[in-house]
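One chain comes next, on its own, written as structure tokens: the form predicted on its own.
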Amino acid sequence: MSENARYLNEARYAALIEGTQRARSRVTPSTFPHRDAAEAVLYLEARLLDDGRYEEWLELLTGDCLYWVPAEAKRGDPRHEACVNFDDRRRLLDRVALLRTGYLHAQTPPSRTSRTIGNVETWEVQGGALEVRSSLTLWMYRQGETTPYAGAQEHELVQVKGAWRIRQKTVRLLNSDAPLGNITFIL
């Protein structure tokens, strides 16, 4: 397979890193383009994940999506640092399939989650894509224990056949550099 045949190539990594650097360095207020649509996508995503409707969640993602949860507090490069998760679509399909088998010991019984999304800001970028930044608070319950997770999310949304889809999702946990326990569910 040639380098051009894969979407996770040097150009895609460069775009990922540039987008995350841009998200951190923004000082201008959100321009609110398509904010209602962006919020609708984020709220739908949260509901689908909380309800364990992973196949429907996968439909929200583009074919070349990336899902990144850095393990380092500073912004970096997933090629050169540890990650809690760094998944492309194929790996996400594998994760959902594994969750569905019932044989994933770390998710027997499955985690139950409740997400709150807030402070949604949007910026339109080149090509009509939207960069969306939001706050995330997630509560996970499993085997009698409740664990909180908090941080920020960065989404890149693009239009596919007239609907907004998630091309990239980065979750930056506040305590990403501390022991996180069982994060075999999807943040």
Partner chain sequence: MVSVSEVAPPQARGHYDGLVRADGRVHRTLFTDSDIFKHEMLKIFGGSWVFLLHEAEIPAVHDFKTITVGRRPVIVSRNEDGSIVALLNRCPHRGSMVCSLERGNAARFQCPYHGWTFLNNGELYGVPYRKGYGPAFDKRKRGLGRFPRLETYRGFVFGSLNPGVEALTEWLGPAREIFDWCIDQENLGPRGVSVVKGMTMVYRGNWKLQNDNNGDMYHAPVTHRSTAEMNLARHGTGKTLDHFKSDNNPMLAKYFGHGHKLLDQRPSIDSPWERARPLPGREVMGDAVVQRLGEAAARAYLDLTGRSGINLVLYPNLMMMGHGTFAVYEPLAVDCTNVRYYTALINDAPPEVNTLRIRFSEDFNNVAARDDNEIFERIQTALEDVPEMPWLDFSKGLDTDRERVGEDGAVTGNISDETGIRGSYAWWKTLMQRDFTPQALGVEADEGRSR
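What you see is a predicted model, and the numbers here were worked out from it, not measured in a lab. Positions refer to the first chain, counted from 1.
Missing here is the form predicted together with its partner chain; even so, the following discussion is about that form.
Peer 1: Verify the contact flag for Pro78: yes if a non-hydrogen atom of it lies within 4.5 Å of a non-hydrogen atom of its partner chain in the predicted bound form, no if not.
Peer 2: Residue-level check for Pro78: yes, a contact with its partner chain.
Peer 1: Can you check whether His34 is within 4.5 Å of its partner chain in the predicted bound form, heavy atom basis?
Peer 2: Output for His34 is no: heavy atoms all beyond 4.5 Å of its partner chain.
Peer 1: Is Ile117 a contact residue for its partner chain in the predicted bound form, using a 4.5 Å heavy atom cut-off?
Peer 2: Contact with its partner chain, no.
Peer 1: Report yes if any heavy atom of Asn85 sits within 4.5 Å of a heavy atom of its partner chain in the predicted bound form; otherwise report no.
Peer 2: Heavy-atom contact with its partner chain at 4.5 Å: present for Asn85.
Peer 1: Suppose contact means a heavy atom within 4.5 Å; in the predicted bound form, does that hold for all of Arg12, Thr113 and Gly151 with its partner chain?
Peer 2: Checked in the predicted bound form: no contact with its partner chain for any of the three.
Peer 1: Name the single residue among Ala163, Ile17, Ala178, Leu174 that comes within 4.5 Å of its partner chain in the predicted bound form, judging by heavy atoms.
Peer 2: Contact with its partner chain in the predicted bound form is made by Ala178 alone.
Peer 1: Pick the stretch from 153-161, 140-148, 119-127, 46-54 whose residues have a heavy atom within 4.5 Å of its partner chain in the predicted bound form.
Peer 2: Flagged stretch: 140-148.
Peer 1: Sequence order please: the residues of 99-113 with a heavy atom within 4.5 Å of its partner chain in the predicted bound form.
Peer 2: Residues within 4.5 Å: Thr101, Tyr103, Leu104, His105, Ala106, Thr108.
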